[in-house]
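Have a look below at one chain only, the form predicted alone, in structure tokens format.
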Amino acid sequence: MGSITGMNFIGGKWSGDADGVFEGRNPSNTGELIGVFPRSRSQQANLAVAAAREAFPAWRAQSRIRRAEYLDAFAQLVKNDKEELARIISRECGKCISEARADIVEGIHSAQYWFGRSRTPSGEVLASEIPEKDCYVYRKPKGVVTAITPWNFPFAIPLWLICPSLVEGNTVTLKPAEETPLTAQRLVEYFEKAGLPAGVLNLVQGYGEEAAWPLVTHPNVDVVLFTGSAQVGAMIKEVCAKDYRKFCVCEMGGKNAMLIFDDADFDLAVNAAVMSAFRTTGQRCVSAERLIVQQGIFDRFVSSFVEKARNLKIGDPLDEDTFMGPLVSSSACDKFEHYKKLAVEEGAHVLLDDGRLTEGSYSRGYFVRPFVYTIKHNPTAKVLREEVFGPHVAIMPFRDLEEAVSIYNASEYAFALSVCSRDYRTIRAIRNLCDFGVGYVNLPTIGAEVHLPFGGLKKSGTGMPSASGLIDAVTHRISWTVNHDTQIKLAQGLSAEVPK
């Protein structure tokens, strides 16, 4: 598979026009050039917003069902090329091929879900105090949407945002992560093949501050949908708060945890912890960087978890047997090393630290081994508060339910949680007392499905979830009351008499 010349897609036309280019390279083998892509800036962002604004009236005027049929056509096309697309994802971001395939399937599921949902009610009919009136709650599209998406789920997450936006009558400009531009280009190509009208979906490649920021701040953008870091999300929220007509949904990572009680199915809990910590090399917004384990099984759990972590196969993500691929970039490696040193400074007892893999084929990529340690809970420790986004795992003991909840809730983030226990009372208490947006019982912290809301609270997000929950972000809910009488009758007993 050779390198390509990438392009933007604006107003139904492909173009490489930009003030420069950037390279896409394979994090498993940095000597492999995937492609060269336009380094877009304000000019391209402005053109994309103008195209989306121009396309909006005609797109909104189509029926909801007709709009959704484009998603079905898209899904049918993608099904034929799942393996090719999965290999592109593995080459671009280093995800293991099995996870890349799941990324494609999840994207297909998004398109299928919203295609099916188009024939379900999009509003409500409610009773009125006045029998001659009918009351309705009706959804209207907000307008022009900007979707800024991450590299770790380069196919599924854009479709989480694009599909509900399009079905509900909005037009979209996608600014994908600069690490995965080819996956985004392929995604848009399938929508073009599906016959989506010009300007309804636009693609702007480039870096965040140069290409995404002009989209965020553009006065003709009505909604900003963002998945990324808490720092950038905070800036987006500030911009949108100052614009009376701009709305945002920000999904911003987590310091997720598993709470493992003495009565848990031990083998299940250990395996769930390994998947939570090391799938996608720990580079998921729901990866568990904290394992909070009850004292009765603490030593046994630590021993078993470390042994499994030590034996994980790390290597080429295109190898079917690989469990952990590379980190995504050199800067990700630097960040990982920084938090390893910080953990030691803050009192960690290191159990596993075999360093970076640099021999043989590993020398061409960003491969690291898991870093695992035990530590007593300390609410001021940065390694227990800040997201590392890598295979970095702290294991902490707790005595009882109250302490488990206290340790978990000490985080400024509140995204994903898993509880492993056989006691339904314990499980119910964790559900009610802990702060999170996505919760699991006797499962890893990964495994989202498109028909469920996906998002976090506190520093993890705006409390407005993606996936199925996004409909409330891309539509206005309006009330619509119709009088079928020849006279005016008002609620609350208010008089409708008008002086003669």
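This structure is a prediction, so every number in the text was calculated from the model and none was measured. Each residue number is its position in the shown sequence, starting from 1.
From this point on, the text means the form predicted together with a small molecule, which you will not see here.
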Site check Phe298, Val302 and Val405: each within 4.5 Å of the small molecule in the predicted bound form by heavy atom: no
Let me know the one among Pro150, Pro141, Gly315, Pro391 whose heavy atoms come within 4.5 Å of the small molecule in the predicted bound form, would you? Pro150
Tell me, out of Trp213, Tyr190, Phe266, Phe247, which residue has a non-hydrogen atom within 4.5 angstroms of the small molecule in the predicted bound form. Trp213
Is Val137 a contact residue for the small molecule in the predicted bound form, using a 4.5 Å heavy atom cut-off? no
Using a 4.5 Å heavy atom cut-off, state whether Glu209 contacts the small molecule in the predicted bound form. yes
Although the partner isn't part of this model, could you tell me whether Ala177 comes within 4.5 Å of the small molecule in the predicted bound form, counting any heavy atom of the residue? yes
Any chance Leu126 has a heavy atom within 4.5 Å of the small molecule in the predicted bound form? no
Within 4.5 angstroms, counting heavy atoms, which one of the listed stretches 273-281, 235-243, 195-203, 346-354 is next to the small molecule in the predicted bound form? 235-243
